[in-house]
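Shown below, as structure tokens, is a lone chain in the form predicted alone; questions about how it binds or moves come after it.
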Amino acid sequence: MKLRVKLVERAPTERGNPLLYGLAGLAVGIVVSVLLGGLTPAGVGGTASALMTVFGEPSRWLSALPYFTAIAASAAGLALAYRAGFITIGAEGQMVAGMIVAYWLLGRVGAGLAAGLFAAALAGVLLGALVAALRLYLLVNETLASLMLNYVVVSVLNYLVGGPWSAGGFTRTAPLPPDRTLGVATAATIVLATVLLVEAAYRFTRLGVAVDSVGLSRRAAETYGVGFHKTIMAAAAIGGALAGLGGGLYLVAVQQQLTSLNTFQSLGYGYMGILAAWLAGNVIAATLASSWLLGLLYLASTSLQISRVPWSFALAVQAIIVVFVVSAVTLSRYRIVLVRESQ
């Protein structure tokens, strides 16, 4: 007789609140990270102080707004695409494309903020639609195609800021005029409203039914009149629009100029959006919470370094906390069962 551990899915009426489970996982992750902090020069006390500075003081939570703005915009669009089975990782390139187009209109053409942000969203739409078209009509893997496009867009940015758009011979542009910038709180509010609008469209229009149907079974969806090509293209376009808008908002509210980027690391917020979408279980509205958590983790890593914690350990803390949060949220849907097996 031997025992085997098995995860059994709970009935919908038996499931716990994923938010409460996530908060419990966050608390456990912080405790484990503090205990492991004894291995660093900061010690347990220094690690605890650094983490409590971020997670224990509500006044500091607003410091995560710049990161939340960028991450949430990409995460919501990715969650919608993933629900349709369209596994793109192109939000990073779409964000950077949105920044490029927005800067061109705002900083070089002299257009207004509304036009610049609309163009940023449109740039994301075009990139998203390109990846979708490659998938639908040429059978190109969307994950690989979107990743390669990320590198192309970053290379274009580096050419512009190091060449024709360079300011004073540096690999950066001149700052945007003050009247073409936004406050961080305003940018975050725009992202919040946009994500909730997409959530409403998903829940109360045919979009949600089409996305979920295609994601679960293309053949069954088409049998009941749901267009596969139209649904994938719509999910890709909406996701691209959100990411492009997020890039434009990050430019006008936070960075306010373009700078050169590492081709293989880039901004990173589009890639963090993938993690945020996954943490949220691809629930569009829930990406707001997961994006805020990732923004706080970014702040925590900075706070840890100030407390003499090595950068490598700061990254480990992020991973530890994320693992505990994901595990706890998973347990809200499943329970662990020990199964006896006869030999």
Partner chain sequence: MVASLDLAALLGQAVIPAAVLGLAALGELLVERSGRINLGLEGMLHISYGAAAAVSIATGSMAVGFLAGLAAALLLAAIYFFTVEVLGVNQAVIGLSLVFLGSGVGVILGNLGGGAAGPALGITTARVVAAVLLVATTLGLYLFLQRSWVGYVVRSLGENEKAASMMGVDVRIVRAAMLALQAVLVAAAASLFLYGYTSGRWTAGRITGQGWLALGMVILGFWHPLGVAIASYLLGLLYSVQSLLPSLLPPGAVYAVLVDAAPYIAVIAAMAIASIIYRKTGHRPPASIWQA
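Residue numbers count along the first chain shown, from 1. All figures in this text were calculated on a predicted structure; none of them were measured in a lab. Whichever C-alpha set is largest while still superposing within 1.5 Å between the two forms counts as the rigid core.
As for the form predicted in complex with the partner chain, it is not shown, yet the points below apply to it.
*Asks:* Does each of Y21, G25 and L267 have at least one heavy atom within 4.5 Å of the partner chain in the predicted bound form?
*Replies:* Not one of the three qualifies.
*Asks:* Exactly one stretch in 188 to 196, 267 to 275, 114 to 122, 247 to 255 has heavy atoms within 4.5 Å of the partner chain in the predicted bound form; which is it?
*Replies:* Looking at the partner contacts, the answer comes out as 267 to 275.
*Asks:* Whether V283 contacts the partner chain in the predicted bound form should be assessed with a 4.5 Å heavy atom distance threshold; does it?
*Replies:* V283: no, not in contact with the partner chain in the predicted bound form.
*Asks:* Should V161 be counted as a contact of the partner chain in the predicted bound form, where contact means heavy atoms within 4.5 Å?
*Replies:* No.
*Asks:* Looking at the partner-bound form in the predicted bound form, is L7 within 4.5 Å of the partner chain by any heavy atom?
*Replies:* Because a heavy atom of L7 falls inside 4.5 Å of the partner chain in the predicted bound form, the answer is yes.
*Asks:* Taking any heavy atom pair closer than or equal to 4.5 Å as contact, tell me whether L36 reaches the partner chain in the predicted bound form.
*Replies:* Yes, L36 lies within 4.5 Å of the partner chain in the predicted bound form.
*Asks:* Identify, from the list A200, A129, A174, I87, the residue with a heavy atom within 4.5 Å of the partner chain in the predicted bound form.
*Replies:* Filtering the options by heavy-atom distance leaves I87.
*Asks:* Since exactly one of V101, L149, A237, V214 fits, which has a heavy atom within 4.5 Å of the partner chain in the predicted bound form?
*Replies:* Looking at the other structure, the residue within range turns out to be L149.
*Asks:* Which of the residues spanning 121 to 136 lie within 4.5 Å of the partner chain in the predicted bound form, based on heavy atoms?
*Replies:* Going through 121 to 136 in order - heavy atoms within 4.5 Å of the partner chain in the predicted bound form - there is one hit, L134.
*Asks:* Core-aligned, is the CA shift for F313 between the shown form and the other one 2 angstroms or more?
*Replies:* Yes; that C-alpha moves by at least 2 Å between the shown form and the other one.
*Asks:* Taking 2 Å as the cut-off, check whether the CA of T47 shifts that much or more between the shown form and the other one after a rigid core fit.
*Replies:* Passes the 2 Å threshold, so yes.
*Asks:* Just to spell it out: taking the C-alpha atom of N282 and the C-alpha atom of R333, is that distance smaller or larger in the predicted bound form than in the structure shown here, given it changes by 3 Å or more?
*Replies:* Farther, not closer.
*Asks:* Is the CA-CA spacing of A72 and R333 tighter or wider in the predicted bound form than here, given a 3 Å or more change?
*Replies:* Farther apart in the predicted bound form, by 3 Å or more.
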